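A single chain comes next, written as structure tokens; it is the form predicted on its own.
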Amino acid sequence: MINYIPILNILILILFSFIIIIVKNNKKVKFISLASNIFVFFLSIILARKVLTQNIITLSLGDPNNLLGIEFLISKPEAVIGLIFTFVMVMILWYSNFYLEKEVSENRISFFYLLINILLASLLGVIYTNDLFNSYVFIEISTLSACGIIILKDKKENIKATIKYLIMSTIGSGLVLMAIAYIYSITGHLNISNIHEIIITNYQFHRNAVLIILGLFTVGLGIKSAVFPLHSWLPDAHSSAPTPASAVLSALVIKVYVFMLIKILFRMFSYEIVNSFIIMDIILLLGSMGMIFGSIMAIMQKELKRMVAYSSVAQMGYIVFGIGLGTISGTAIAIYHIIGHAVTKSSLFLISGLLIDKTGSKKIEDLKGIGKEMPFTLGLFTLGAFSMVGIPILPGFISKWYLSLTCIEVGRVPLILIILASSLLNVLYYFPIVINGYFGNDNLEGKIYKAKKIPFINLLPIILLVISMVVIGGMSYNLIGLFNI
């Protein structure tokens, strides 16, 4: 029965999304969506426990050698990422129950929860599936769902951001589809495991074709993952969307595509094959540029959510940097950063929504002295910022530390300077918010202590995300050890 949990998770979310369409009461809609996601989260716990003892679970619906055959393959990375994604989604939905109405009109509330269920189902589909065509189908479903949660506000900037995202995503999807068609023409298979068996012995006869396929997958999924310089859709989409939608987009949506890229590079092909092409050097360059330029663009922002959005571009740089190193340890760190950043960035976006709601302003300069009025809330933001900057024990530091060690391992010591430079740049846009929020007599003058206090129950999902961030940092050694792909 446990082997069927992957398909059950997807079907449960989709089934309850149809129920949401029928139900007209927003309170019931919220309960249905949250309950279905909690159920899927507990199923994901069971699945993860099973995989951690059994290593790999496969589920085939039809013949995997047939074009219509569907196969799910869940190894340790898939199980852990699926677990973290469902946990983060539950926390975001919990937050939404209190604050979504402040950003979205009442008649669109049920639409948000419908899209969220479909979106998570499609993301889990991309994580679990072991064949390219079904990955593509789930990618398209997730793209349309993501567009829906961006445009919910129905404002000019949301419509513009959605159109930009849809155009860019369509280009990315088109490139991915071309790559899938090309690899099928060479191997006659869409199943990742079957393709690997054929390509591992014959790739030397199709080197130009393989290079083109690698390039198509990298650019296509790079666009959808907002990898620099293919990120132009992200700042507008993340900053204009409702806060829960921003958290979902940054913490989950862009991560799933880069995880698919990891599976294609190192599971469908292999480390030996991809390292024989220049594509890995290009990926490493894109990661390095993202780490630096994403941070520089974040420093230049005057709006809080837009700054946090550009921070995601920099953080995706770390993931891509780990992939570009072309080693098992680099890949393991990239996957670790996916889960660490998922909980950290979701908490930062949710806290940003609270700060904007209480101050009535999107501007960073208007947060001066907010630490006196909202000391605990800003404290949670500070912990997330510490992780982004790279304070020891927290996930951000762990990723940077192990990336530096891997650079030494592969003989690319100068790359450590890029990691250090990026960390210093992170300080320049996160620490001023914290310092101006807590310190300085001019900032605190006229502020009333805890004047904008938020009820504990409303803060609890963010608290749990921050606690999970600390736990992921503390368990880093064991977690990274699981992610050999």
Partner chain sequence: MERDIILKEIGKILIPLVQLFGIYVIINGHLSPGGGFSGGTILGTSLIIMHLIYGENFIKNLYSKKKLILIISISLIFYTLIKGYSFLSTELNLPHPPIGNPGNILSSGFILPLNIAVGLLVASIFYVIFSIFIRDEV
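Just so it is clear, the model here is predicted, and its values are computed rather than measured. Positions refer to the first chain, counted from 1.
The form predicted together with its partner chain is left out here; the points below concern that form.
> Counting heavy atoms only and using a 4.5 Å cut-off, do F277, I279 and L325 all touch its partner chain in the predicted bound form?
Checking in the predicted bound form: none of F277, I279 and L325 is within 4.5 Å of its partner chain.
> Under a 4.5 angstroms heavy atom criterion, identify the one residue in S60, N458, S423, N436 near its partner chain in the predicted bound form.
Going through each option in turn, the one that passes is S60.
> With a 4.5 Å heavy atom cut-off, would you call I7 a contact of its partner chain in the predicted bound form?
Contact with its partner chain, yes.
> Classify Y477 as contacting or not contacting its partner chain in the predicted bound form by the rule of any non-hydrogen atom within 4.5 angstroms, answering yes or no.
Although its partner chain is absent here, Y477 would stay clear of it in the predicted bound form, with no heavy atoms inside 4.5 Å.
> Any of the heavy atoms of I14 lying within 4.5 Å of its partner chain in the predicted bound form?
Output for I14 is yes: heavy atoms within 4.5 Å of its partner chain.
> Would you check, heavy atoms only and a 4.5 Å threshold, whether V470 touches its partner chain in the predicted bound form?
No - in the predicted bound form, heavy atoms of V470 and its partner chain never come within 4.5 Å of each other.
> Taking its partner chain in the predicted bound form, which residues along 17-48 bring a heavy atom to within 4.5 Å of it?
In sequence order, F18, I19, I21, I22 come within 4.5 Å of the partner.
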